[in-house]
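For reference, the chain that follows is the form predicted on its own, supplied as structure tokens.
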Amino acid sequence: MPIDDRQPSRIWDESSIHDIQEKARLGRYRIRAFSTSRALPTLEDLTFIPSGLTRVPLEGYRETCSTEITLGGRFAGKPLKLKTPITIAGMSYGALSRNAKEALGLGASAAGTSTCTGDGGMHPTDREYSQTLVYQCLPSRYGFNPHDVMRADAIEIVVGQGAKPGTGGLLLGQKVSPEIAGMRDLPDGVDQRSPCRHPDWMGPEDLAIKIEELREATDWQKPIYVKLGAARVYEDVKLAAKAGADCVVVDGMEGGTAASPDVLLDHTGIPTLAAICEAARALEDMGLTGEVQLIACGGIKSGVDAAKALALGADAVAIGTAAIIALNCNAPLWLEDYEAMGTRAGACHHCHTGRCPVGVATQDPELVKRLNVQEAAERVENFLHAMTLEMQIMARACGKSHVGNLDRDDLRALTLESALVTGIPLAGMRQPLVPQHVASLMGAL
């Protein structure tokens, strides 16, 4: 076959060449926001198999399908009681604007679910606008306040996040306003680079001591979560559960971030689909399914995704990127501002720059004004309501009167990859794939 001199190389394609040239210009790794750009096996590679003659579906207009959930009942005296198993993931005031945080709190509260402070401590409006608030305890300890811990409804000890497991957070100086610098006890306008591990403990034995300290400090009333970036999921979940966590949060590779070296987004961690399966298997092997709740996050973008996560073994899900998109992230507004950043609405991942045209991921007072809190809160409430309705549709179609009753038998895999990752039978097959099946199928291809 003759060589087409105009055809780019498959190895040295235009994207690879641009990446090298940018690093040669910058003298450092590249930084961006949002999440991985890689094609991964996802929850979309699964499908539900609803009722037929073998099961009876539920009528949507007269038969109820419950969505309420209780989180943290293993040891906590006051577990969280939520109206939906969809929560808002930790996103800091700093990464997001004050208006964005207020809108998330109001919207989640109206929907009957929880929000999370994120890094950098609790802003007064976090508590004011969020009916149920989870307080994050991160390696950085920026803004960490024991008095605010007491005011929260649950505590989330962050070991890692899906977008960049094994590394710390990053908030570039253009978003470190005087107020945020004051909250975090940092110089304003200077990049905040968080440590990658907690200063007062190293391993799972130390984590058990830290959990006990927090329980004693809160009189054993508040649920304690442990959040893990999806890496060595099976082992990490077992260790977190053994250390005494009420809930384990597993954040997959598709998880979002406001700023990260792009190599971490694309080359660390494992996909959410695989992470849920490993985590659920770990709890099952320990006999702790249902006693320790599993919260899945990372790329959850619809009620169908959430329903599939529950069917795979999660008890609840957390959304971050989807929630800020509901606020108006990437909305087709102020198009000239997107163009000035070299991007466009629908493809923007410039949260780290602090120049968010729609006022979500910025600390610029003029840009923040563009996000109307009440209108944004209504959009968040509507989105959470829509996701919950979608979960109920799937559960009813499968004959389930509670979304938490969805299970693996309600699913089939649509690709070889997803069948192998999850152990769910490939559509058209009755049993999960085994190596012999794969060899014969690959031979046929």
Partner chain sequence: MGAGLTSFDCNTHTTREINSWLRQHSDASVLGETLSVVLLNPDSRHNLGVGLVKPLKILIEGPVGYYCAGLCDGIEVEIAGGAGWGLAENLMGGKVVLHGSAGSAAGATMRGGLVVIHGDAGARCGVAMKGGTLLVTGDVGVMSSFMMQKGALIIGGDADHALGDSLYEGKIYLRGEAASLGADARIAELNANDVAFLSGTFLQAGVDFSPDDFKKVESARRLYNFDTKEKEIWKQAL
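Keep in mind that this is a model prediction, so the values were computed, not measured. Residue numbers count along the first chain shown, from 1.
This next part talks about the form predicted in complex with the partner chain, which is not shown.
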Pick from 248-256, 101-109, 164-172, 320-328: which stretch has a heavy atom within 4.5 Å of the partner chain in the model of the complex? 164-172
Kindly confirm or deny that 74, 242 and 429 each have some heavy atom within 4.5 angstroms of the partner chain in the model of the complex. no
Should residue 143 be counted as a contact of the partner chain in the model of the complex, where contact means heavy atoms within 4.5 Å? yes
Is residue 332 near the partner chain? Define near as a heavy atom within 4.5 Å, in the model of the complex. no
Although the partner chain is absent from this view, report whether residue 191 comes within 4.5 Å of it in the model of the complex, heavy atoms only. yes
Quick one: is residue 219 in contact with the partner chain in the model of the complex, heavy atoms, 4.5 Å cut-off? yes
State the residue from 286, 347, 341, 263 whose non-hydrogen atoms include one within 4.5 Å of the partner chain in the model of the complex. 341
Taking the partner chain in the model of the complex as the reference, which of 231, 368, 277, 214 has a non-hydrogen atom within 4.5 Å? 214
